[in-house]
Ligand SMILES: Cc1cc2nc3c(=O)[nH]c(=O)nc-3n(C[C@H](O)[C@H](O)[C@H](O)COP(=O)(O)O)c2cc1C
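Quick heads-up: it's one chain on its own, the form predicted alone, in structure tokens.
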């Protein structure tokens, strides 16, 4: 069965530092003897029409979101994925507003899991986070990690690891970080990624 890898680009800039990290990871995966045949779905959140969650609690009643926008096409991608990779810059200690809007709209999936008691995912799967911050404080990523762990929990995704880089603020700064892009390429090409994909049932 073909594996599905979902890559979520969380930056407002398509060619920014975190997009470079994601592209490097996907390039490595394309050269992975096992992962190269996976179906890759790229979700570029800044290009999607995603209305913020209204907190209307309609999903608590019906399990569905009443907002008709691009999230209706994103939900099945998230549910069907075998592996989810997320990249985002850090804004005010957390993920970008574009990415947070998408995550907040997964209240529908939270409701299905915890209120309607429906297990919408039947397989084991994993996810990773890539993030860059202008700050030099290593704790700057703590809030984003919590957000992504919560998001992954709703999706029945195990938070496998993250790749985070301080003092990366301006465009192309990530290229000055020794080994950063290579680390993502190597992980994409690694037997570790192949193992995580094989573990999915």
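Numbering follows the first chain given and starts at 1. Everything numeric here is computed off the predicted structure, so don't read it as measured data.
Not on display, but discussed next: the form predicted together with the ligand.
Spell out, yes or no, whether the shortest heavy atom distance between residue 93 and the ligand in the predicted complex is within 4.5 Å.
-> Yes, contact at 4.5 Å.
For residue 148, is any heavy atom within 4.5 Å of the ligand in the predicted complex, or not?
-> Answer no; every heavy atom of residue 148 is more than 4.5 Å from the ligand in the predicted complex.
Quick one: is residue 19 in contact with the ligand in the predicted complex, heavy atoms, 4.5 Å cut-off?
-> So residue 19 counts as contacting the ligand.
Is there any non-hydrogen atom of residue 134 lying within 4.5 Å of the ligand in the predicted complex?
-> Residue 134: yes, in contact with the ligand in the predicted complex.
Which of these residues, 37, 169, 153, 142, gets a heavy atom within 4.5 Å of the ligand in the predicted complex?
-> None of the other options qualify; the answer is 169.
Partner-proximal stretch of 134-142, 38-46, 57-65, 24-32 relative to the ligand in the predicted complex, 4.5 angstroms, heavy atom = The contacting stretch here is 134-142.
Within 33-62, the residues that have a heavy atom no more than 4.5 Å from the ligand in the predicted complex | Contacts from 33-62: none.
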